[in-house]
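The data below hold one chain only, encoded as structure tokens and taken in the form predicted alone.
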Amino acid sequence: MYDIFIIGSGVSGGFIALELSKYDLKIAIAEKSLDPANGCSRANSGIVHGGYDPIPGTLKAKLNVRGTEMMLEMAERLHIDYDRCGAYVIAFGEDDDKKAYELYQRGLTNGVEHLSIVSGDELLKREPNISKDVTSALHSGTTGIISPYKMAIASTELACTNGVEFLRAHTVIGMEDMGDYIRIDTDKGVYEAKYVVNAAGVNSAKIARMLGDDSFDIIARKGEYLILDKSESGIVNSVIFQMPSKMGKGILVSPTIDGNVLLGPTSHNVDDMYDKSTTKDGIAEAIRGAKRSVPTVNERKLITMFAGVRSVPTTGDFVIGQSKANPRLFNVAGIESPGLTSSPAIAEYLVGIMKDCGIEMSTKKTYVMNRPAEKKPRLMSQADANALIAKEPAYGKIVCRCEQVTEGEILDAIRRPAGAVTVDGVKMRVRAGMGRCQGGFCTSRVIEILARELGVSQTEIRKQNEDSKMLYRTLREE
């Protein structure tokens, strides 16, 4: 019997698990994929938003600003990179100038710091590649960039270090209220829990209905993104937004925390919540929108594209709290933008609600505050790298040439709590396969290492999910 059973290991589920792991509770986090962060948290812009966009008084506004305040400390605790590079929301003409000022006023109402309006000429001095048609811009000094999937993975890792059980490849297929506990049926077995936290992303409305809660629904909104090679690093120094609309924050041009350039996303409602395909029209739309902001964007430097489906709630705001239909169910649903930014604050807020609802939580005496830092020889001094390699030779064996990832780093990714079991799981943790060749050289070697470490055949290694085979058969046996 678990005290709390969390469904979904995206950024919301990961941070909720981490926050709850401070207490003497038996907790499980169930994920339908083989690794964390394979849903909305994976296909994400990775922007830590300042908080000027949400409507004042909403949960989005409150938790966005609080999440931004918490982000530096959380990044340090989790040992993940974070850069508060700032952002500009650019205006083209008088109507946009007025909207920029309205966003400025909204930001002040929300309590956002370091906001200002700059002229088009001033912006060109700061960002020389911006379109000369820009007339003004809202500057947000608290906006930053981070790796969205590393946030989800690192928070889940640290939660597991503190005793949370990670149930990978567990799809919840039904739930039943048994009176003093909830029975949870999954495709891997049956579990029991006193309380359930529903952080299931695009599936959150479906999960809520299993316990009679039909108070909200989820609209699937697809976004396509493009990644440019690191050779394009520097075309912008900050995140460049256009004026937001009811469909989102528009096509952006942004540096990434790993040194690439991100374009996108597009924004279209779709019927299929699992549609992660990229399209010719989507790529063209993203390039066209990016070039409106930064005409020097070079689409010939495109190295990959991806798509994700965002969870847009019919309520117009985050759905967070105890279900009115069943007091043993707590929903964390409709966590669209600024959900990534808000995730640490969402966890803090939800746990506060759970305490107010009478769930007893006694603080652990053995809580581990910090996730161990990763060993990255490419970022060390030559002397430190040599010392590490002398002690552990696997750190001297380059597996991914583009990103200079070593076998030692891949082994760490597999051996950590809730460690990688798929090719994409390794990729998200250490970037093997994310470079210019997109895994052309290293994928086979990553498969070999995974198979050896997990004690399985190479044909059993998956790209992402249980049905995503990489190899179908072996031509030559040992």
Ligand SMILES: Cc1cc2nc3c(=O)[nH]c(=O)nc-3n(C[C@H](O)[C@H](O)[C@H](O)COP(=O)(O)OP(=O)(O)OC[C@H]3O[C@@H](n4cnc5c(N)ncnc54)[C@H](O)[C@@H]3O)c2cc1C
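All residue numbers are counted from 1 along the displayed sequence. Computed from a prediction, not measured in an experiment: that's the story for all the values here.
Below, we refer to the form predicted together with this ligand, which is not included among the displayed structures.
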- Task: Only one of V430, A418, A61, A30 comes within 4.5 Å of this ligand in the predicted complex by heavy atoms, so just point that one out.
- Result: A30
- Partner-contacting position among I130, V309, A154, L103 - heavy atom within 4.5 Å of this ligand in the predicted complex: V309
- Though only this chain appears here, would V253 touch this ligand in the predicted complex if you measure heavy atom gaps against 4.5 Å? no
- Query: Heavy atoms within 4.5 Å of this ligand in the predicted complex: does R371 have any?
  - Reply: no
- So, in the predicted complex, is Y395 in contact with this ligand at a 4.5 angstroms heavy atom limit? no
- According to a 4.5 angstroms non-hydrogen atom cut-off, is M434 in contact with this ligand in the predicted complex? no
- Message: For the interface check, one of 347 to 355, 122 to 130, 309 to 317, 295 to 303 should have non-hydrogen atoms within 4.5 Å of this ligand in the predicted complex; which one?
- Response: 309 to 317
- Query: In sequence order, which positions of 40 to 63 have a non-hydrogen atom within 4.5 Å of this ligand in the predicted complex?
  - Reply: C40, S41, A43, N44, S45, G46, I47, H49
